[in-house]
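The form predicted alone is given below as one chain in structure tokens.
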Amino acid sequence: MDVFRFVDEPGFLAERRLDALKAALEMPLPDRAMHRFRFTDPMALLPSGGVSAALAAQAGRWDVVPDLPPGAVEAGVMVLTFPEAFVRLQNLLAEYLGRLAAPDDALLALNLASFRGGAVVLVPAGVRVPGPITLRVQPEAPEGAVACGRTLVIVQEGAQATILEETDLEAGLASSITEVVVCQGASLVHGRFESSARGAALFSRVAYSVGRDATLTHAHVLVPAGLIKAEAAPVLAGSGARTEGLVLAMAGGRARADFRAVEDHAVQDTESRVTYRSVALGRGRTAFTGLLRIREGASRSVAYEEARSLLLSGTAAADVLPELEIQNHDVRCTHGAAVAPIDEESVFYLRSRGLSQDEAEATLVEGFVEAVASRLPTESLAERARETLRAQLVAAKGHPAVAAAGPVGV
């Protein structure tokens, strides 16, 4: 079985693709007995015939449209497609590409073996990017194929940037892998908005390496009409590293939104925090599994995780599963989780103040998600999340009052 290659692809990538191809064919799919895929069948992310069929198809497009703020290029910021990056950044690609999100299971190996598009973002040392860098992605896969794309982000020492990835899957199957390196003293805000149409399935993973005294805020908005299985895996690799994860998932109709976070404290004096909110309505289902891992040498680490889900119908479902893996006792780790329907007493109170039933419910739902929405990295991302929530409420309940409501919190 041949593996896809770009024209003039460097030798190091060709070798990694071949290794990934072997791994994809030899490795089993992730075990559903483990928490990572407890709520999603890996086969739902693959065509009939599994990984072998996906590799044999070798089809699909992965187009990326970048949008850079004024002054970014002059400051030395690069946003390149892979053919361009092979020429201009080959040494950096050889060091990082396929290393953070290594082919450790069949799904990750499939992506590395067959990705056909994507982008490389380089923010040079000391540069402060004056506005968000946006990458708009539209995968396209014919029946029986998986569209695979890959992004590599490198934020060098002391640099500061905000990078947004927007992935809209209109049909079929797609696999999106992003690798992010945040070097010593750098600061990155990384946001992802992911949607999938009805009948479509998207698998995504972001692997982060956060260096000494570096800070990372990673924000994720999942709004499937079909299925989205998304993962974020920061490794706090340098002393003084700090991460914060913000996650908002919304599933209506028969949609599925499954998110997993793994905050891996590899060294001492690191800190992480994850805040998750989900709303499930109709027959939609959301799932969250979050692992706080403190390695043996990671003393004085601080980790916190909060996951809350709101059910808006008797047929909706939500699962929250926080996990702790602590190998050092000189740490502070806490977590909380809750799943509940809308509070009828709060609805009654708002109705007593003149709101209709629809307006009261909409106000409470929007207030519930504000713990995440108000802290998303850009107002455009936050407002898109809010608009999607309102649209789902309207579709599920036919609330004209919700459609006419103003911005959340107003």
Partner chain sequence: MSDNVMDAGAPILEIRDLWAGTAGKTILKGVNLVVNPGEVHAIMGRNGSGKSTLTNVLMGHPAYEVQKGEVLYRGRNLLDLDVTQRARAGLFLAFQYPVAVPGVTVSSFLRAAVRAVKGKDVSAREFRKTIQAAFKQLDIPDAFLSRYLNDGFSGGEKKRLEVLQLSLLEPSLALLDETDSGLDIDALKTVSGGIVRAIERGVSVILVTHYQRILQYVTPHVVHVFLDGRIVRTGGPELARELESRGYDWLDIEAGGVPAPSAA
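Owing to the predicted nature of the structure, the values given are computational and were not obtained by experimental measurement. Numbering follows the first chain given and starts at 1.
What follows is about the form predicted together with the partner chain, which we do not show.
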item	value
Non-hydrogen atom contact E370 with the partner chain in the predicted complex at 4.5 angstroms	yes
4.5 Å heavy atom contact, L355 and the partner chain in the predicted complex	yes
Non-hydrogen atom contact R351 with the partner chain in the predicted complex at 4.5 angstroms	yes
The partner chain contact in the predicted complex: A56, any heavy atom under 4.5 Å	no
Proximity to the partner chain in the predicted complex, single hit among E383, D63, E359, D67 (heavy atom within 4.5 Å)	E359
Partner-facing stretch of 22-30, 370-378, 35-43, 48-56, counted where any non-hydrogen atom is within 4.5 angstroms of the partner chain in the predicted complex	370-378
